[in-house]
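Below, in C-alpha cells: the form predicted on its own, a single chain.
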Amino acid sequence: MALSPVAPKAFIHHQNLVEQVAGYLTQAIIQQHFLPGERLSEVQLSRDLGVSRAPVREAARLLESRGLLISKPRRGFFVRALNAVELEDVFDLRLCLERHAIQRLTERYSVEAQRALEQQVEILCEAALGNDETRRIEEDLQFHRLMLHYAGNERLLKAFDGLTHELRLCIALITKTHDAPDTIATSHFKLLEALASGSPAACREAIDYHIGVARKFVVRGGGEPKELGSQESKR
C-alpha cells in the first residue's frame, strides 16, 4: 500500500518535535532543574511544553538511550543518578579515547589544527566568564571534539560523540564542585602547550592530568550516590 504524500512531511515534523523536547529535557537535566532520581511527569511536561504526551514519551526514550534517563516498569522515567562506579567508567573510557587521539594528533599537528584549538580555548574562556552553564559545557566539549577531529579518525570521534551525553552530566558536576569554574577553561592551555612541544610523552601526561583532575572533582567531590541527591529516596 502506497504511503500518503503527506506522510513523510508529518513524520519529519514529528521527529523534529521529539528532538526539540529531547533538547529541552537535556538542558533541564544538565542545569539540574530535574534532579538525579527525580521522576518525570509526562502529563505535566506535555502541559508545560504545549505538546501531546507522545513526543514527550518518545523524547524520554531517546534520552534513555543516551544515558540521561532510566525507565521503570509501570512507574515511568527517572533522571539517571550516576554513582561513583558509573562515573569512573565514563572517565576511564574518555581517557582511553583522548589518550589515543592526542597521540595521533601529535603526529599530524598542523597549523590549521593549532589555530582552531587556540581559538576554541579563547571561546571557552570567554564562556567561562558568563552565567550560561550550558554554553560552558558545550564549548568545553567542542574543544575536545576538535582534538579528536584533527586526530584524523572519524570513528574515534563517533565513539566520543556517543559518550558526550553522559559527559555533559559529568562536566555539570565539575562546575558545581569546583571552587573556580573559570580555571576549568584555562586548564586547556596546558594541552595546547603539550601539543606545541611535539612530545608524545608530554601530551600523554597533559591529557592524563587534565582528565584526572576532572575525575577527582566529580567522583570524589560529588559522585557518591548520597551526594547526588536522589529524589526517589525522598518520596
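Predicted model, so just to flag it, every value in this text is computed and none were measured. For the two forms, the rigid core is made up of the largest set of C-alpha atoms that agree within 1.5 Å on superposition. Residue numbers here begin at 1 and follow the sequence given.
What follows is about the form predicted in complex with a further copy of the same chain, which we do not show.
Enquirer: Where, among 157-165, 111-119, 125-133, 139-147, do residues come within 4.5 Å of a further copy of the same chain in the predicted complex by heavy atom distance?
Expert: Answer to the contact question: 157-165.
Enquirer: Although the partner isn't part of this model, could you tell me whether residue 76 comes within 4.5 Å of a further copy of the same chain in the predicted complex, counting any heavy atom of the residue?
Expert: Answer no; every heavy atom of residue 76 is more than 4.5 Å from a further copy of the same chain in the predicted complex.
Enquirer: Within a 4.5 Å heavy atom cut-off, is residue 58 in contact with a further copy of the same chain in the predicted complex?
Expert: Yes, residue 58 is a contact residue.
Enquirer: With a cut-off of 4.5 Å between heavy atoms, is residue 83 one of the residues that contacts a further copy of the same chain in the predicted complex?
Expert: Heavy-atom contact with a further copy of the same chain at 4.5 Å: absent for residue 83.
Enquirer: Hey, in the predicted complex, is residue 52 touching a further copy of the same chain, heavy atoms inside 4.5 Å?
Expert: No, residue 52 is distant from the partner.
Enquirer: Establish, in the predicted complex, whether 93, 97 and 103 all lie within 4.5 Å of a further copy of the same chain, using non-hydrogen atoms for the distance.
Expert: Every listed residue reaches a further copy of the same chain in the predicted complex, so yes.
Enquirer: Does any residue in 113-133 get within 4.5 Å of a further copy of the same chain in the predicted complex, counting heavy atoms only, and if so which ones?
Expert: Result: empty, none.
Enquirer: Using the core for the fit, does the CA position of residue 191 change by 2 Å or more between this form and the one not shown?
Expert: No, shifts by less than 2 Å.
Enquirer: Taking the rigid core as the superposition reference, indicate whether the CA of residue 203 shifts 2 angstroms or more between this form and the one not shown.
Expert: No, the C-alpha moves less than 2 Å.
Enquirer: Examine residue 71 after superposing the rigid core and state whether its CA is displaced by 2 Å or more between this form and the one not shown.
Expert: Superposed on the core, residue 71 moves its C-alpha 2 Å or more between this form and the one not shown.
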